[in-house]
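Below you'll find only one chain, the form predicted alone, shown as structure tokens.
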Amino acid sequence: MRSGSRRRCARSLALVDGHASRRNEGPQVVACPDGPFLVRGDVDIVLPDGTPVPRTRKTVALCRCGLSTIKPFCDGTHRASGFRTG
């Protein structure tokens, strides 16, 4: 992810317990404009079949354009594909 995208995401509101928040406490999911979901904190990521996804970082970017070659993680393909969020 480029630093410009990272800065835009850092200013986005996080969803914490279903409410918009800028708190740094607990797990957070940040929807980056026209990009991935950033997942921060202690959150289990599980595939639809129930298989847990190993994490080596506290913050990961999850694909939401559906085109990443390293799903469920983002590989930046959304930029080239012109993916836009509503």
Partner chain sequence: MRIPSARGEVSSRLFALLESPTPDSREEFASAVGAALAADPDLLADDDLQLSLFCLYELAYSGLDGVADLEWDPGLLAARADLEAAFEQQLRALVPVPALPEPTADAVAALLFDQTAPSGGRSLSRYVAKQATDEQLHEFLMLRSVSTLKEADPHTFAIPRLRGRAKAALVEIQADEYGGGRPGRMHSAIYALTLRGAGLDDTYGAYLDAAPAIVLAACNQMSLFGLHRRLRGAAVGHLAAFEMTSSIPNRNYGNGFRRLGYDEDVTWYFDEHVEADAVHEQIAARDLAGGLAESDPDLIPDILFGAGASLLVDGLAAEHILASWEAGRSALRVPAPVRA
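All figures in this text were calculated on a predicted structure; none of them were measured in a lab. Residue numbers count along the first chain shown, from 1.
Below, we turn to the form predicted together with its partner chain, even though it does not appear here.
Proximity of Pro33 to its partner chain in the model of the complex falls within the 4.5 Å heavy atom cutoff. Residue contact with its partner chain in the model of the complex: Thr56 places a heavy atom within 4.5 Å of it. The partner is not shown here, but in the model of the complex the stretch 52 to 86 reaches within 4.5 angstroms of its partner chain through a heavy atom at Thr56, Arg57, Thr59, Val60, Ala61, Thr69, Ile70, Phe73, Cys74, Asp75, Gly76, Thr77, His78, Arg79, Ala80.
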